[in-house]
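One chain comes next, on its own, written as structure tokens: the form predicted alone.
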Amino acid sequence: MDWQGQKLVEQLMQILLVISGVVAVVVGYTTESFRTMMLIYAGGVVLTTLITIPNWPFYNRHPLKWLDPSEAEKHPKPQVVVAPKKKFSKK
């Protein structure tokens, strides 16, 4: 899954859960049934899981281009620079 795919999954998850929650509350309120509301919301969670968890092909539309190992060896690796600690004196 690429970066744009991860963003899409996050947006789909939020949208689907909000929609299923709103539909569940409205139907539960109109039928006056807490059980119906919970079943509809649970169905929405299962549907959201089936859509967002598997790595579907449409989540891989923008694959990353990686360097070949031989090409990566030509470039220097970044060095970690640690700043010296400052000494504070009490006055």
Partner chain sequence: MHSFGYRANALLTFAVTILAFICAIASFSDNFSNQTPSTQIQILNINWFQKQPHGNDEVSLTLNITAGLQSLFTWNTKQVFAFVAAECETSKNALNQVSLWDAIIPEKEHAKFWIQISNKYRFLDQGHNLRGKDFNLTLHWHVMPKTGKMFADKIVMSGYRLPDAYR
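The shown structure was predicted, so the numbers you read here are calculated from the model rather than taken from an experiment. Residue numbers count along the first chain shown, from 1.
The form predicted together with the partner chain is left out here; the points below concern that form.
When contacts are judged by a 4.5 Å heavy atom cut-off, Pro57 does not count as touching the partner chain in the predicted bound form. Residue contact check for Asp68: none of its heavy atoms lie within 4.5 Å of the partner chain in the predicted bound form. Interface residue remark: Gln4 is not counted as part of the site for the partner chain in the predicted bound form, having no heavy atom within 4.5 Å.
Although the partner is absent from this view, Glu10 contacts the partner chain in the predicted bound form, with a non-hydrogen atom inside 4.5 angstroms. Contact residues in stretch 34-51 (any heavy atom within 4.5 Å of the partner chain, taken in the predicted bound form) are Phe34, Met37, Met38, Tyr41, Val45, Thr48, Thr49.
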